[in-house]
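Next comes just one chain, in structure tokens: the form predicted alone.
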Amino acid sequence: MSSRFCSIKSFAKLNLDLRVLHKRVDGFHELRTIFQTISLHDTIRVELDFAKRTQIDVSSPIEIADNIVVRAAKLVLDELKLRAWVRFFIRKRIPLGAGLGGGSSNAASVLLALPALAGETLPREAAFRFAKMLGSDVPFFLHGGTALGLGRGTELYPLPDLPSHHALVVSTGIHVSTPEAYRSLERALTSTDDSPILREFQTIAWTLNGSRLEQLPLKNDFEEVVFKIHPQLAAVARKLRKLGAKPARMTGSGSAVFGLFSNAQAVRQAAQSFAGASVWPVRFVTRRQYQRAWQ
């Protein structure tokens, strides 16, 4: 039997707003965030042959440690009780460890694509359960678009899709330690009932659809501590604002910084000002566009 194969796009995300409330009893932090998929993407070619024993191979020009793609594929094959030789060829464009969700997106892509390639259906409940096991950002990439993330970020609710904003993503290559960023926040175990952080976030969530993003007090709680450790990232955000970005924020716990602009020409002009950094002009990807890419 000939190989089955497909080529899929694995999109990146931004955290338009990210608040860290307190440390939970399970050791994770309670988060409030607004996710947004963007047009920057990796490309994954998947080839599958049914076999007597399972073998999973991953090829990429960039070495990927602790490969989340292999773990996702094993979960799918075991759940569907399939044995196969699966080959993944990943062309990486999303920088690793930049807060753009590249690895999480790759894992979600496997959960969505591999069952279809095998001619099987992975129940939605199983896909979501596996996504939560693989990482906090993975469940979001099963859906895409604009979404509200609670808890670890795995409790998701759809928000009305935002217009297709133009943005510039800047990656300096600086590695930000996520555990160090959390430790630096020094959030104690506190109630969320009367948190000013929570009240401000609720206001943003309620008014997001009817307001211009530059008018909202969007924030990333990690910025203050990460920018102190890595002042180069603060300089990138300041430069984006000087070039006309409204707003300019860090995504996730870093290190990528993005700025929203009024049009594609403004993005291209801003991109020319970042010599020595990796820059990507991008647009927002709506939930419908995201799902259409999979169909």
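Start at 1 with the first residue shown and count on from there. Source: prediction; values computed, not measured.
What follows is about the form predicted in complex with a small molecule, which we do not show.
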Looking at heavy atoms inside 4.5 Å, which stretch does the small molecule contact in the predicted bound form, given the options 201-209, 116-124, 91-99, 176-184?
176-184
Check, residue by residue, if H166, S262 and R283 all come within 4.5 Å of the small molecule in the predicted bound form, counting heavy atoms only.
no
Is there a heavy atom of L31 lying 4.5 Å or less from a heavy atom of the small molecule in the predicted bound form?
yes
Would you please decide whether R152 lies within 4.5 angstroms of the small molecule in the predicted bound form, comparing each non-hydrogen atom pair?
yes
Against the small molecule in the predicted bound form, would S195 count as a contact residue? Criterion: heavy atoms within 4.5 Å.
no
Does P61 reach the small molecule in the predicted bound form, with heavy atoms at most 4.5 Å apart?
no
